[in-house]
Structure formats: C-alpha cells, structure tokens
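Consider the single chain below, provided in structure tokens and representing the form predicted alone.
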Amino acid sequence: MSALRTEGYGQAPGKLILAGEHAVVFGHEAVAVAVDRRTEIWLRRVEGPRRLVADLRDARLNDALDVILPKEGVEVSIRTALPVGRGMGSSGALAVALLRARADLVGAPIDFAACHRDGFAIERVFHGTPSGLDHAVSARGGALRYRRGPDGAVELSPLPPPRWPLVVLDSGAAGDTGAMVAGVRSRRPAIDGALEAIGAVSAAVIAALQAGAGPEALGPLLNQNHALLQQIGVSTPELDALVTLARQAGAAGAKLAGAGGGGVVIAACADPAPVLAAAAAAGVSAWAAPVAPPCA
C-alpha cells in the first residue's frame, strides 16, 4: 500500500476573451485564448485548522476553498501572475489549479471533463452565474470556441491560436464580474440585438482563426466587438481611452477583455513595440501576452 501523499501541486493559465463577452452567458458563441501567465497552488497536509498563504485579498477566497477542501488538516499556498479582477480569468485559473492540486494530493489524476464540471462550483462563489468559459480555457489551454446552451449543455472545440502575442493594457481598476453580468441581464431584452451581434462577431473571429488570419484581419473584429460592449453598457471612459491609445499607436484593433467595468484592454498588432511604447509614455502598465499551448 502506498504512503499517503503529503503535498500536492496544481497550476493553470489565465485567459483573454477575443470575442463574445456577456453574449456567451445567453447562449451565443465566444472565443478565448489561454495566456502564458499562471496561478500556482500548493497543498500540504498539516495539523489543525486549514491555513491560507497568499497575497490575494478577497473575502470570497475561503468560501471558494470550502467547495472542495476540508476546514482542517491542509495548508493552501497560492501564487499568481494574473492581475485579479481584470478580465484575465484569475478565478477560473484558481479553480482549475485548485482542482489539479487536490487531485495531485490524493493521487488521482483529473481530466478536462472533471475540471470543467467541478470548476463551476468554485466559479459560482466569485461570479454567481458563470458561463464556464473562463475555467474551460484555463483547463484546456490554447484557443477555444465555446457555447453553453439554455439547458447547460456545453459545445466547445479547439481553434488554431493566434501565432502572435496580444498586447494587454491594464486600466488598473478591478471590475466586478458578477455585478456586470447582473447589470447586463437587467437590461434585457432591450439589448438582445447587440448580444446577438456580439455572437456574430464571435463567428467571424472563429472563421478568421481557422483561416490563419493575422492581426490585420482580426483587429477590425475586435473594434466591432468593443463598440457592441459599449452599447450594452459595460465599458468605461478609462477602457475606451486605452482602446483609443492602442489604435492610435498602430494596433489593427482593440477591445476591452472580460466583463468590463474595469480590467484590461487587448490589442491586435503585427508589432507590439509601438503600442507598448505608447502605453509606457502614458504611464499605463502593458505587456505582450503569448498564447499558452494546449494541455497535453
């Protein structure tokens, strides 16, 4: 009989949504890519009450741990390179990394289906009614087409990822995904046409990726998606200013990424350098974000 494992480890990448925010909650397609910034979690068996070692400051974190961990006998250490509340899937990466760490601790491998199924319970602590997209792309890596029907059934398939990095510009302000999703829901059915149009942009992005298109083809689609996100009321003046900055610096297109109300903007450009330089000159934190490869 093998000895009881005393430690477990799990990690998962964050994500960026290329198209489909909010519309995906209501049954439309979305497209997302995993990014090469990650959350790592270590679990260690200890005596006494559960201990948390993390720089994260979120009152919901212990509630999320309660979903799959006991309140006694384990130390949880969390390290993340993802900005929290910025639309980069920090809670989805946390959910997947936590599930993988628990699986490693108990010596039972966990597959994508189990990560996606069990990740919903953790994500609900943070977002109330998540679509499942965030933790799906964190669990699978690469680029992903995703749709969740009204019955909860999920359709997803891998896509060819962009062969060039996206540029991420951080507004420095956190958004509240649950509140933004609730706000969009409260504005229906008046905005249903815009949500349907966002779904159509997603379909065009899927076709562009399947054709191996570059940033010049993808950029105008990002611009369309951002205009529609403005229509449904989830952008902010700060996000709009970052979109304008990126476009004026030569980006083929840019949009907010995530639920809005704060967070990051993504830009598609053949050469990230001019956008990064413009962001630096404006005092904006920005970086190039390569796509994380699909999981083996």
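Numbers for residues come from their place in the sequence shown, where the first is 1. Computed from a predicted model, the values in this text were never measured in an experiment.
One more form of this protein should be noted, the form predicted together with a small molecule, which is absent from this view; the next part is about it.
**Q** Please identify, from 65 to 73, 254 to 262, 51 to 59, 267 to 275, the stretch that has a heavy atom within 4.5 Å of the small molecule in the predicted bound form.
**A** Flagged stretch: 254 to 262.
**Q** Can Ser202 be called a contact residue for the small molecule in the predicted bound form at 4.5 Å between heavy atoms?
**A** No, no contact at 4.5 Å.
**Q** Is Ser131 a contact residue for the small molecule in the predicted bound form, using a 4.5 Å heavy atom cut-off?
**A** Yes, Ser131 sits close enough to the small molecule in the predicted bound form that at least one of its heavy atoms falls within 4.5 Å.
**Q** Counting only non-hydrogen atoms and a 4.5 angstroms cut-off, does Thr177 reach the small molecule in the predicted bound form?
**A** Residue-level check for Thr177: yes, a contact with the small molecule.
**Q** Using the partner position in the predicted bound form, report whether Leu18 sits within 4.5 Å of the small molecule, counting heavy atoms only.
**A** Residue-level check for Leu18: no, no contact with the small molecule.
**Q** Under a 4.5 angstroms heavy atom criterion, identify the one residue in Val181, Ala194, Ala143, Leu218 near the small molecule in the predicted bound form.
**A** Contact residue from the list: Val181.
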